[in-house]
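Taking the form predicted alone, here's one chain by itself in C-alpha cells.
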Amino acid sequence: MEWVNTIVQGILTGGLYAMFAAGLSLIFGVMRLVNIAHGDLIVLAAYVALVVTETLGINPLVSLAFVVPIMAIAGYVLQRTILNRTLGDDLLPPLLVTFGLSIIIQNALLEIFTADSRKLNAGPIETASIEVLPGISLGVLPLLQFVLAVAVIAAMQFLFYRTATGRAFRATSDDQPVSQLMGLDNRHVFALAMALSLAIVAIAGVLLAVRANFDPSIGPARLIFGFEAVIIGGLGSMWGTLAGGIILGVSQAIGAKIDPGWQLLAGHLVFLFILAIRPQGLFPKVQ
C-alpha cells in the first residue's frame, strides 16, 4: 500500500504540473511561440495573489477571482504591445524577447519583494485529508488542484472545438494569411490566446503559492516542468499535457521514495527516455 500511496500522490502532483504546462501548450499551439518567461509569469501570479490576499484579507483560493482577470488583462496587453511585433518566420526574436521578459520579471520581483521565501496560507484545507483505503489518504488541497487541472483542460478542449473563439484559434494557427482574408484580426486572436494562457497561469501561480514556498528565482524550474509535461504528452494535445504532468509527477514521487535526492533526477530521466523513444510525445495531436 505504501507504493500505491506514493503513486497516488504523484498523480495528484501531476495535476499541478499539468497546470504549469497547459498555458504553455496553448500558446505554442496557436502562434508557435515558445514563451521562455512562462515560469516567471507563474511566479508573478503568485506574488499578485500575495498582494491581493494581504490587501483584502481574503483566502488565497478566493483571490483567484481577482488574480485571474488581472493576469488575463496583462496577457492581452503584453501580446498586443510587444509579442505580436516579434512573431514571424524567425523563431529567434520571440525567444530573445521572452528571455528578456523573464529577466525583467525576476529582477522586478526581487527589487519589490526581496529574495525572501513566501507562502500563502489557505487555512485548514492545507492539512485536511480523506482516507480512501487503509494506508492511502488523499490530501484535500492536492485533490482540489488535480480536479482544477482536469476542469481547466476540459474547458480548453471545449473552447477549441466547440466555440467560435476556438475556431478562430485553430484557423489562425493553421494558416494566418487565409484567416486574415476571412476577416480575422490575427493580432487580436493572438492576444486573446495569451490572455487565456495567463488566466491559466494565474490559477497555477495561486496553487503553487498555497502548495509550496516561492521566491523570485524559481520561475525557470517551473518552466522546465511545464516543458517536460508538454513534450511527454505531445505538442498540441491538451489531454496529452495532463498525461505528461501525471507521468512527470509519478516518476518524481517514485524517485523520491527510492532516495530523496533522486526526486527531480527521476523526472528528468523519464522525460529523456520518452523523448528518445518517441520524440513526438505519447499523445501527439493528430493533424
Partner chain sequence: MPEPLLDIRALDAFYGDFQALFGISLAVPANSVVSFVGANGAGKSTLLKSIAGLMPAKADAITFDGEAIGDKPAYDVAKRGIALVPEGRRLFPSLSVEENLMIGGQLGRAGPWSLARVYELFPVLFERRNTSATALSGGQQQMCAIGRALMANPRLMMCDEISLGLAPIIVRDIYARLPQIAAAGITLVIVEQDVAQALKAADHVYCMQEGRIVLQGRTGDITRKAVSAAYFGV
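Since the structure is predicted, the reported quantities are computational estimates derived from the model, not experimental observations. Positions refer to the first chain, counted from 1.
What comes next is about the form predicted in complex with the partner chain, which is not displayed.
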The stretch from 206-214, 119-127, 179-187, 145-153 that lies within 4.5 Å of the partner chain in the predicted bound form, judged by heavy atoms, is 179-187
Whether E131 contacts the partner chain in the predicted bound form should be assessed with a 4.5 Å heavy atom distance threshold; does it? no
Looking in the predicted bound form, any heavy atom of A171 within 4.5 Å of the partner chain? yes
